[in-house]
Structures are given as structure tokens and as C-alpha cells.
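To begin, one chain is listed below as C-alpha cells, in the form predicted on its own.
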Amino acid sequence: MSDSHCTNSRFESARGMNFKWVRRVPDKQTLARTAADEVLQLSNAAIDERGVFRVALGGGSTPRGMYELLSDSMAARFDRWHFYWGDERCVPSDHTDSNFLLAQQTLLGRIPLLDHQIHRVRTEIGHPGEVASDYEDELRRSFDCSKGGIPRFDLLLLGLGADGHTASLFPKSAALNETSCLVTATQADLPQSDRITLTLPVINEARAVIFTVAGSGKASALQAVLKGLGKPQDFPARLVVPRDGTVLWVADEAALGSSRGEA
């Protein structure tokens, strides 16, 4: 396996220049189509260049339509895709709150895949700390990363919470300062629940990040993140600054409000 899937970067805050775009779409349906098209372009480019496409999926309601559209695509070379998760709730994999279950129902269960292409968070391991450690081991194995190396995802699919969180990196959380682990356990406040999340060093090593944001309930947080308002620790999505990658925000009119988007 090529070492292009893993970097030897030290765990540190990203300081390199990244490229960020905002794409305004009229509604949630167009958002799903726009995001799905972007994912397909990135997947084909990755496969052409490196022979594989490694994508970390997100949860929540916003990506559902995108996943369904991807599953219907005739252009996707799914035999070269590997699926991971940016975060997961510590619930059984068949629980309605499981990010894995969402992906299984809308994408994974609808396309031909082999077991080794799916790298889920094994929440059944037990204690959240053990689950996080187990998933880190899985990342190192599947990316062929030695201790100290960082997996380099071809794409991370992220969302934005009304409080400014992304993945399961919540405002003022200790997880925001994690620099020694690829994966960490954390907690959501409302409702309180145990979570597993990729850490910022991993997120900021990605070749590409796509945020999908829909609804007026996200408007305030989106304004803060895009305009750099407040402290970064108060809006964790502001800390997503890939060291050598791109960021695309696909947001509907309700989420962007009066903000000016640009293609």
C-alpha cells in the first residue's frame, strides 16, 4: 500500500494555507445533488491517481439524501471505495441514533461491497475509551500507518451543529486539544451521550473536506464559522483547516441567510 495514504506529519495545529469555497444552493434537495456530484468527482480523481478512495462519512439528517443519490449512481466505482466514520455515538450499530445505521440504510446496504471495505466504529467493544483505541488501531492497520503517522483521507464529510460543533468535537471540549491520538472519546451535552470522534490532527490531514449545512437553525453558527466570529474553541468547525487540502461548504438558502456564497 502506498505511503500516500499516510503522512508522517507531527501532531500539531494546521498552519498551511487551505482552499475554501462556499456553494449556495436553493434547497435541501439541490444540496444533496450538489454534494453527491462533488463526492463522485473526488472519488474518480482519487481512484485514477491512487487506485482507492477513502471517505469518512458523517451522521445526522442532512447527508441522507446525498447518500441515497450516491447509491443510485452508475458512475461510482464502488469496488475501490473504503468507508470510515468521522464520528459515532456509543450505541449499538442497529440503534436509530447510529451513524453506521444511517449509512447502512441509505448507501452501504444498497451497493455491492466486500466486508473489508467497511471500517466501522465497533461500539460493542465496551467502554468508550476502548472503542476509541480499537478504532485508532483499525485506522493504522487499514492505512498502513505506523505510530506517529497520520492517515490521510481522500475526503471527510462533515456537518455543522447549531452550537458550531462538527463531527463530535463540541465547544470547549477537551477533545479539541487532543494531539496524541487519532481517535478520542468525548461527550455531547444535549442530549448527553458518549461519542467517538476523529481528532483535529486527522481531520486537518485530509485531502478534501465537504461540509453540508441545511436549515435556518444552523444559520447563526454558519455565519460565525465563515466570518471567523467568536473564539475558535466556541465554534469547533472553525478549527477545520486542512494543512494541504480543500474545504467546500455546501449550504442551502435557509442556512446561509444573507451571507454571500461563492462557487
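Values in this document were obtained by computation on a predicted structure and should not be read as measured data. Sequential numbering from 1, following the sequence displayed.
Keep in mind that the form predicted in complex with 6-phosphogluconic acid (6PG) is missing from the display, and what follows is about it.
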{"item": "Contact flag, Ala167 vs 6-phosphogluconic acid (6PG) in the predicted bound form, heavy atom cut 4.5 Å", "value": "yes"}
{"item": "In the predicted bound form, Gly159 touching 6-phosphogluconic acid (6PG) (heavy atom, 4.5 Å)", "value": "yes"}
{"item": "Touches 6-phosphogluconic acid (6PG) in the predicted bound form: Thr186 (any heavy atom, 4.5 Å)", "value": "no"}
{"item": "Interface membership of Gln233, 6-phosphogluconic acid (6PG) in the predicted bound form, 4.5 Å heavy atom rule", "value": "no"}
{"item": "Which of 148-156, 132-140, 104-112, 81-89 sits within 4.5 Å of 6-phosphogluconic acid (6PG) in the predicted bound form, heavy atom basis", "value": "81-89"}
{"item": "Single option in Gly60, Gly51, Pro26, Gly228 placed near 6-phosphogluconic acid (6PG) in the predicted bound form, where near means a heavy atom within 4.5 Å", "value": "Gly60"}
{"item": "Residues of 205-228 having any heavy atom within 4.5 Å of 6-phosphogluconic acid (6PG) in the predicted bound form, listed in sequence order", "value": "Lys218"}
